[in-house]
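Quick setup: one chain, the form predicted alone, written in structure tokens, and binding and motion questions come after.
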Amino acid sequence: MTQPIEARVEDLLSRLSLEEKVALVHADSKFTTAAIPRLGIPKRWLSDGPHGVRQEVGPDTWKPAGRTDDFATAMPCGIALAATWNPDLAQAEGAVIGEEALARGKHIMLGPGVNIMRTPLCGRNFEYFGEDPFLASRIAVGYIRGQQSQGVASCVKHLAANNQELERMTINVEMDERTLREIYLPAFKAAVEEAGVYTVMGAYNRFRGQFCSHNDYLLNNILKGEWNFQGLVVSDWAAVHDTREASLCGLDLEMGTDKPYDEFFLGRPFREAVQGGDIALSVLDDKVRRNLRVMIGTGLLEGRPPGSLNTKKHQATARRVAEEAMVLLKNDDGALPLDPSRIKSLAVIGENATRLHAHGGDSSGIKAFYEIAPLEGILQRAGSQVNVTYSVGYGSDTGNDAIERAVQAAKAADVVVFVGGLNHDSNSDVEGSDRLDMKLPYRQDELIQRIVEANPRTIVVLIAGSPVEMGAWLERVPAVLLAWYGGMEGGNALARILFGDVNPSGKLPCTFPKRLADSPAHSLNAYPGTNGTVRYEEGLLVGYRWFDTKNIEPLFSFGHGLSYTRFEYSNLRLSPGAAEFDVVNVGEHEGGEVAQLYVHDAHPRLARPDKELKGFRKIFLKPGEKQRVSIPLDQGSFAFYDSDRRAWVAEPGEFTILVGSSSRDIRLQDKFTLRRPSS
């Protein structure tokens, strides 16, 4: 027990038979690997997902096991966590899920997902951390550190370029090396090198012709070679296709293949290849070492703390993430917050006011202990002071009568809160399919226009995990609040924001285009691909990098988010190690602000985006309070990837440091000369 991990790994390895070694590198049920009782190695349990511990399924089926002890705290979705711009809060969320994984007997949790939002249509955008690699990296590092602090292994996924669900099992992704390094790999690199993540999951898709779960370049050259990753690579379920590639190209644990367990590619065929000398024993031993390393590192062999489920602290963390995630997109003339002492009647309209979402989304779905829907949260907060009515208004099975009833309810009320958006149905925010367009489904655009005609005091709340179009009605409504999928405390968090108990402080982790054709992949006709291959023609220009470089006006910019108070920036001072500036709350409410730092290269040797996020700080200030904010600047803040040199390069020259409240709301800027480091 007191020996170093590597000594224990070698000791166990020396005592394992060939059959036992092979048993450790493939599944023996949907979510377990085999126990080896004679050496004290118990079954190892893996579990989805990124938003909480998934309910149990049968050993050989995806159907629920029908247990009553498999509930969990449902946290807000991944993009909501990114919208907090708060790595400390990400760490708190990771710790909650880690504690609950302990209580549920899980050793590896399959999250976080860090795939970059390349298109607004990707069905799993809601699980991920948005369009910017720097922001995604910071949130991922916080989440992983929190989860692994509990003795539970995180699994960062899906390496790499799993940026669409359409044809995800077969699509081949082609991109240039610089785009791979600057956009699609940084969050994985940070997870490995900064957070020390124990496990990495390969993606379903192909990358440069080879499936990602056994991709020699991604897994051997980059992950295990350049980044010196010592943990294990696990396949996505049913993502393995070949024994020789799986054995030689970086895979360490095969899960979910649709065959009897001993017939897995890393099962009997692998064992026979080693026995026959076709594959060296050292290849198997490396995989076993990596599996043992993670087992020992997570306490699998000597027992672990009991963990905890659904504590008051867990509930409070879920609510705080939901609160800090909500983005106030628009708020004309102080339409929000609502004052219940001045409102006699409130009409809540929309299916999402009562619909529960925590169980949806496929692998990220949670069997929640409870889930507070928006209507319930509003009733609990304002019901005793305000006459609250509800009308469904829209839905997959509603029509004209529902619209007319909603319009009448709007006419009769002082204020309307419309709660709409998306859901986890097919072709919406869900694993396995992409959206067909950016429009709100179920005739919501028509409904909102009718409601606003009936009552101009209409607040629009959108529950969604990816951008939607709003052009049909945006100019006519006074306020829009983006609530994401808020987890089990989402309804309470929403009510606290609407009525001013909490000041919104979320910022967009992705650009909201005015129309789909403005997005780079769609503008260039580079989605969903042709003849089985998708080429990332936009290169580095993903998200705001495209909109800013091409001077295309978005609907809402990356980093945008309003507050019930106002913040002023001043006194920018640059030094070789940091940018420092003052932020003061000049409004009447306590609130949070995310100060964002972007870097512009004045004379790049290679083409670069107009500006790139390189730092941020979230601060909370009382009215009149001022804080001096310092954001680090290092060589990495100015670097780009030079494919010819196969290295990150920060070349001396002139840069502009831009500081502001969003990518399009720059408050301070100054020139900065990067000098050659002294030798």
Ligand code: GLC
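Remember, predicted model here, so these are calculated numbers, not experimental data. Sequential numbering from 1, following the sequence displayed.
Here the subject shifts to the form predicted together with alpha-D-glucopyranose, a form of this protein not shown in this document.
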In contact with alpha-D-glucopyranose in the predicted bound form (heavy atoms, 4.5 Å), from 65 to 73, 643 to 651, 46 to 54, 625 to 633, is stretch 46 to 54
(message) I'd like to know if S523 sits close to alpha-D-glucopyranose in the predicted bound form, meaning any non-hydrogen atom pair within 4.5 angstroms.
(response) no
- request: Report yes if any heavy atom of W237 sits within 4.5 Å of a heavy atom of alpha-D-glucopyranose in the predicted bound form; otherwise report no.
  value: yes
Report whether the minimum heavy atom distance between R381 and alpha-D-glucopyranose in the predicted bound form is within 4.5 Å.
no
| Applying a 4.5 Å heavy atom distance criterion, does R118 contact alpha-D-glucopyranose in the predicted bound form? | no
Note: exactly one of K287, K157, H314, R496 sits with a heavy atom within 4.5 Å of alpha-D-glucopyranose in the predicted bound form, namely K157
Interface check vs alpha-D-glucopyranose in the predicted bound form: of R138, R168, K106, H424, the one with a heavy atom inside 4.5 Å is R168
Checked 348 to 363 against alpha-D-glucopyranose in the predicted bound form; residues with a heavy atom within 4.5 Å, sequence order, are S363
